[in-house]
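Two forms, one chain: they're shown below as structure tokens, one block per form, named structure 1 and structure 2.
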Structure 1
């Protein structure tokens, strides 16, 4: 099938309709949806409300609550280790504060713990920085302008989260936010600024003030690069252990966090890591591909922290709700699911259907925006690609009408180059988008200082639940990992003063196994997943040798 400018002739027929309505749309603003209509839209079209999406879990501290099916399968699974075969008296490594996860939350926790005098060991599944943080594009929220304040930011978050947020967590988030921007600047993060040095801020979905700070369209990359370098510059007090994910927590005889069992991906050894405190900062579950959606998440986002924390006894919050980013790439096939940052809509791009009609205000909260896009496609107003994928147009050329020629290439260089690889110039033609799995709204229950129900165990970042309620607003995830990463590092260091651990055990794992056995859970169901398996079913049927999962059963 011949392509012209990256698209088929049938797609061009639709693009011409978009071009015909562009000038008129540029002069008008599509109205925001009412609260009642928004709820109606969610109930009918958002994937969270799809029948059969969730089920009750039958084991653990949140027994009886509903979580998404894919996570339920991981929670009702056997550990990778047989606890009777692990000799906890043979300690391979020891540290004051063990941080599990090498993204923004883990790195900022390491810096603050180190600053407060602790010896820190940061263990990570892949390399430090291989995380969702580095993939974040659009920006980070902070109410630091004269027309804004933390109270307004607070109200935006509570409304966006459907009033289910933990108020204390939201308060911590908004109150720390201005200081986070100052801290990042001090470390060397290069935010977008006017010629006079004034911070450039824009709107995001669900915001009532322009408080989105960004670094072009690679804000997370700029932040993570800076944090990673700072961690490495503190090598005397921060040890980094890469390619060694934690697979189980250790608790002492009094139920306090006492370290973790690590799995070396290269040597396939299980290692005993002792510590006075543990911080879980493992991120989200995007690579579970909830309801078979593509995802924006990095390769290691497989809910490991949820599994370990839950087995140890922590409760889960809001795990029946998932954030699908409204604008994931839907064409070409090579980039399906990759993020088209909300910042593009924040600068004026508009979702438009196959007939050139705008059908939703571009900056609704993400769940409503996503539901609107799904409705349009399911109503027959989408555009189909040669491979059968369907989506709607994001009219990007209208941005240049509003801001001038060259604006997109200057402000979205990564996205601009990515599309040009496929002969698509987003400054001249719209791009095709459809919702993609983006964020884990819920997680493990924490207090505002990142303490949990288990002494010595702290949680930070996307693996935690409560701050965003049932829907996160753009720019609050980068803020979340930094606010609570720093708080976790500080609180953990305070906690270890005078702590004298007892004998480490895996008794909680043994108890969990007994619950699974009572339910007759199949033995081949194992968690944590660690890495997703993308082997095709047809290929697996021809693989006659056993696929080693690193289990000890």
Structure 2
């Protein structure tokens, strides 16, 4: 099929309509939706409200509550290990503070624990930094300008979260925020600034002040690379163990956290890792492909921390809501689901339908914006790609009409480059978008110092729930993982003072298995998932192996 500038002739017919209305749209502002109309839109079109999206779970501490189907399958599943076959008296590794997860939350927890004098071991599934944090493009919020303050930030967050957020967590988030920005500056993070050091800040969906700080469109990358460098420079107190995901927590006889069982992905050995405290910082669940959505998340975002923490006895919050990012790439085929950062809309890009019409205010909170895009496509106003995927246009050239030529290439180097690889010049033609699975709004319950119901077990980052209520706003998650990562590192170090290594057990896993047996859960349902399964059915049928489950059953 002949492509011009990356698009088919049929798509060009629609692009021309977008071009015709551009000037007009540039001069007008599309109004924001009212709270009631927004609710209506969500009810009708947001995937969270779809019949059969969730189910009640019958096992564990949140028994009786509703969670999304794909997660329920992992919670109502057998462990990878048979606890009776693991010899816990043979300890392979020992440390003060065990951190599970090498993203932003894990790295900042490691730095603070090390700074406070603990010996830290950070274990991670892939390499340190292979995480959602490194992919964050748009920015990080903090109320640090004169026309802004933590109370306004608080109100934006709680409204965005539909007033269901845990107030103590929100307070911690907004009050720590300016300090986080200064800490990052101190570490050498290159924020976008004016000559005199003033931060260049813009709006994000649902913000009432321009408080989105960024580092071009590599904000999370810049932060993660810097944190990783700092962690590696503290190699005397922080040990890094890569390609060794945790598959189960261990508790001692008094029910305190006592370490974890690790799985060496390469040698396929299970290892016993003893510690005085454990911090779970395993991130989110995007790779569960809820309702078959494509995802923006990294390869290892498979809810492992939720499964381990839940089996150990922690409650889950808001696991019936999922964040779909309004603008995932819908074309070309090779990048479907990958993120088109909200920052593009923050600087003026507009969603437009097949007829060149605007249909939504570009910076609604994410759930509403996503629902509006879905409505447009379901009402037949979408654009179809040659592979049958449907989406709407994100008018990007309008950004250059507002800010001048060359603005996109300079400010969005990552996205500009990604599209150019497929001959699409986003400064000249719009790009096609559709909602994509992006963020786990809820998670394991924590207190504002990251303590949990289990002594010695601390939680930080996307794996936790409560701070964002039912819907997170852009830029508050990078903030969340740094605020609570640091807090977890500090609290864990305080906790281990005077604590000695306990005798590890897997009793909680054994009783969980009993519950599963009573429910007749099929034996081949195994969790944590560790890595999503992208092997084709045809291949699998010939492999004749259960190897990928890696169980000892």
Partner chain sequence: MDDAMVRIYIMGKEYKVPGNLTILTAMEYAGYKIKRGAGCREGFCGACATVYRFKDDYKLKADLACQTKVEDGMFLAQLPFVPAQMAIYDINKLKPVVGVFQELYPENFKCVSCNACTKACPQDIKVMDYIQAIVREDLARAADLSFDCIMCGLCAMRCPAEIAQYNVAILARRLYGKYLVPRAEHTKKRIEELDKGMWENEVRELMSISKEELKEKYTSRDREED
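In this text, rigid core is short for the largest set of C-alphas that superpose within 1.5 Å between two forms. Residue numbers count along the first chain shown, from 1. Everything numeric here is computed off the predicted structure, so don't read it as measured data.
In this comparison, the chain shown as structure 1 is the form predicted alone.
Once the rigid core is overlaid between structures 1 and 2, residue 16 does not reach a Cα shift of 2 Å, moving by less than that. The Cα shift for residue 533 between structures 1 and 2, taken after rigid core superposition, is smaller than 2 angstroms.
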